[in-house]
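Consider the single chain below, provided in structure tokens and representing the form predicted alone.
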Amino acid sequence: MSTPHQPAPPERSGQRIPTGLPQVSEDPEKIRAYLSDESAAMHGSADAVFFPTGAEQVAALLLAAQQQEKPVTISAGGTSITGSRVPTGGGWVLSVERMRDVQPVTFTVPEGYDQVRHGDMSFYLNVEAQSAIAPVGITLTEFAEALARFGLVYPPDPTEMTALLGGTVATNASGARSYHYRPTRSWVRALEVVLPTGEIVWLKRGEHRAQGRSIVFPVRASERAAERGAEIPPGYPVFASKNAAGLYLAEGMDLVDLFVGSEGLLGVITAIQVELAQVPRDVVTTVAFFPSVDDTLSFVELLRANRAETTVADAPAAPLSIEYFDRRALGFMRDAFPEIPLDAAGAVLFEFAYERPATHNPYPDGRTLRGWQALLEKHNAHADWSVTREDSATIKRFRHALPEAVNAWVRARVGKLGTDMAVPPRHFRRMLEAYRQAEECGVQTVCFGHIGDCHLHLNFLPEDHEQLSVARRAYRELARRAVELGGTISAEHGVGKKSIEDEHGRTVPYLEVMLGREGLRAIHAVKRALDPGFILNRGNMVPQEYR
């Protein structure tokens, strides 16, 4: 592989990459690494990969792309599974991986923020205000390690810690502890964004809002928005619960929210101001096994109620996370953990914080543990394991045992098809019944996930292409059912370039299942207002030619 190089001067034909742009590689071997994502479900093509280090270089690249009518696909860490970063329309790839320092262009770093260096990256931190201004090209692991020195944490806790910070904001990412802390959107205070036209804006929460249903930007793009009718349609859904599907569009909305979860459709995020929290107190993680699905769900419902009321049934603490594994999932994990009870119908993994006793004993006081033990016994738990932070490696192995086993299974077959749906708590049992019916389609399944948020992943594991077709039909019906129940088709992964076959055999954007044609037309109108040439992340959420 060659290293990125400065491009040669442009040829008269205009087909060469112009000078004055960020570092670039046109090496096919180097480019290949940017043509798919972690799912490997789709592959693209590209002429070049660019590596900007700041907003001004991004702006220059997007202006050149506009002039040459070149599509540009943004690439972060490549951990997505929706094809969002896959350049299916060719053109150029814009990788944010070298944006590892904050380089203010349209904003000034406020007083009280000090620069923090960690390895080859840096960000600005105000410890007292529990706030940071960070570049988009740092991994969540790096950010967490640097913040830990100050007793702080970035709370959304997306599951994939190798993901880049910018990518998690662009997808409104979440993870297990998002049950307690909420997804990414809740923690974003400001964004520096380069619009597809090359204009750079600093959007601070509370300073720029939609005027009723009209989206107006503090730059020249606002005129285009008015001319092109970028209006939020009446009836466009806004989810109070977990959701990562479609643009956030609401009357009087904060414009920061338009870009969080926008999947690179409207601009390139180059710097992010986030709120932080203190590192949680000592944490105990418990895995409990139950003899029936009803016992499992009853215990989960008590945990959820405890978050709302804090004193339900004398429960000792509100949980940080609540995760679920069904009987089939536990079967896949039993090779790694043979002590899993053979007759367990389900398991719940939950975490709670506690005050460490004033001794060297890392465990909480006996009264706290007895409180949980009594609740588990009340719900007929077969067995339970509890570990503290010191023993977290055991729980990490337990959590990873399922994806490792499933991946080994599908490598010898035709892949897997996994749902990402969530519904309001009042309808969760009805959605579970839909999952149960889908499990009878004749295809092997496992069900697991963020049950605290009523957000489970039902993975279909087909043996062959015939079973894969059966799974796709069942998947489509589950997506429709989630929407009927007021839920979302994607609670954490986004929709990217995913499509689905409707009942008439037509291939349609996956998001159309949830928002319908009118909803997608609304997204299309906002996209057209800010990106009239449709150069940026073509194919995400809605096709360029959508009517």
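Numbering starts at 1 and follows the sequence shown. Keep in mind the model is a prediction, meaning the values are calculated, not measured.
One more form of this protein should be noted, the form predicted together with a small molecule, which is absent from this view; the next part is about it.
Contacting member of P158, P196, G246, G452, with respect to the small molecule in the predicted bound form [4.5 Å, heavy atom]: The residue from P158, P196, G246, G452 that makes the contact is P158.
Listed residue that, although the small molecule is not shown, lies within 4.5 Å of it in the predicted bound form (heavy atoms), from G264, P87, G346, P462: None of the other options qualify; the answer is G264.
Contact test in the predicted bound form: S174 vs the small molecule, heavy atoms, 4.5 Å: Output for S174 is yes: heavy atoms within 4.5 Å of the small molecule.
Distance check, E38 to the small molecule in the predicted bound form, heavy atom within 4.5 Å: Although the small molecule is absent here, E38 would touch it in the predicted bound form, with heavy atoms inside 4.5 Å.
4.5 Å heavy atom contact, N126 and the small molecule in the predicted bound form: Outside the cut-off, so no.
4.5 angstroms heavy atom contact with the small molecule in the predicted bound form for R481: No - in the predicted bound form, heavy atoms of R481 and the small molecule never come within 4.5 Å of each other.
Among 333-341, 469-477, 437-445, 266-274, the region lying within 4.5 Å of the small molecule in the predicted bound form by heavy atom distance: Residues of 266-274 come within 4.5 Å of the partner.
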